[in-house]
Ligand SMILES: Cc1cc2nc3c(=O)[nH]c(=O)nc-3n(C[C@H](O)[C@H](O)[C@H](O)COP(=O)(O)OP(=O)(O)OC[C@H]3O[C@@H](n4cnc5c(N)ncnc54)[C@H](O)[C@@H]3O)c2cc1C
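The chain that follows stands alone, in the form predicted on its own, written as structure tokens.
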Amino acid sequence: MPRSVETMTDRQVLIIGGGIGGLTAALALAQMGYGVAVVEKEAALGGHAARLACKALERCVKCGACLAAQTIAAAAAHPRIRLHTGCRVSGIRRGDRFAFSIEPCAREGAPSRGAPGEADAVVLAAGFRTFDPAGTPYGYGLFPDVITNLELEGLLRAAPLLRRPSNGAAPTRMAFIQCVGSRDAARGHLWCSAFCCAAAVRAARLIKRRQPALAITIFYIDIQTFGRDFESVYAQARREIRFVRAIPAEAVRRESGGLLLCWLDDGSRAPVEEEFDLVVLSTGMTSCPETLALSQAIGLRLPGAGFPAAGGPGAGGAFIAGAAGGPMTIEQTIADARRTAWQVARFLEEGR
């Protein structure tokens, strides 16, 4: 049976990805006595979760922003976890064990030399990338006051008051547009990205608390539930924020510098136009190209949804954890990573 207390073992696990999912799985396995190597392509650990701003109001709202720092510190301090940042896995192949190389993510054209390694199991936890909204009719990349949800997180972390990127002025009218790049049949992205609704509502409430005069509108298809106290949080949000059940067709920049959004009223189906100072695009999750390539190398299935999937618990020692396998919230990612760690331990003890 999998170990529930720390006992030494010579079994080794390779975890590809040092975000909240990969680090959670690494900690669970290390605490069971397994040696773990975590390989993260970025220079810093924590993935997207490490970029989030705390959304606490009078009390914690369980946005998960604080969990990344805690998990990074715990993983860095554990003696059975080896962290390789700014690196990638190459040449991975399956045999009795997994053989691979860990190479630095060198600049283009610069030589790199990989360090060989072996593992008894591999966990793909390389997370996701957010949809690139360049080329959408909202003018992202053309209009400085059209930003993504992750760019908003950076602004909220940097300063207590939100400012317009174009001129540094405080906005008076702000809009969130949900489901940009997800639930989009034209792009083949039919999935809900799971985290966007909660993130937008929590961010909007935080901004409204800091800047009460700012009028905030959230354009949505439908609001996905989040958290045990969803009903009370959503009810309070509707008293503070305007929710419009429609997705604007485009954004047009006015001579004044404002952004004109156009949509159809959900009831009358009449066209509506309204000007905003700042527009936030809630961009959805998509799979990373390198994740799909690695998944094929270690024997994970590639379903039509665009995310890799495990072939069943212990299928040849290859596992997938967290949002690498599909859209998840931080809470769901942590729970899934712990479940995956238990499956890996069971495979190592019983499945070989």
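For every residue, the number given is its place in the sequence shown, counted from 1. Computed from a prediction, not measured in an experiment: that's the story for all the values here.
FYI, the form predicted together with the ligand isn't displayed, but the following is about it.
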Residues Ala26, Ile102 and Val344 are flagged as a possible site; in the predicted bound form, is every one of them within 4.5 Å of the ligand by some non-hydrogen atom? no
Checked Val39, Met32, Ile320, Ile298 for heavy atoms within 4.5 Å of the ligand in the predicted bound form; positive is Val39
For Ala121, is any heavy atom within 4.5 Å of the ligand in the predicted bound form, or not? no
Contact between Thr217 and the ligand in the predicted bound form at 4.5 Å, heavy atoms? no
So, in the predicted bound form, is Gln12 in contact with the ligand at a 4.5 angstroms heavy atom limit? no
Would Asn149 count as touching the ligand in the predicted bound form under a 4.5 Å heavy atom rule? yes
Choose from 231-239, 194-202, 262-270, 137-145 the stretch whose residues reach within 4.5 Å of the ligand in the predicted bound form, heavy atoms counted. 194-202
Does any residue in 276-290 get within 4.5 Å of the ligand in the predicted bound form, counting heavy atoms only, and if so which ones? Met285, Glu290
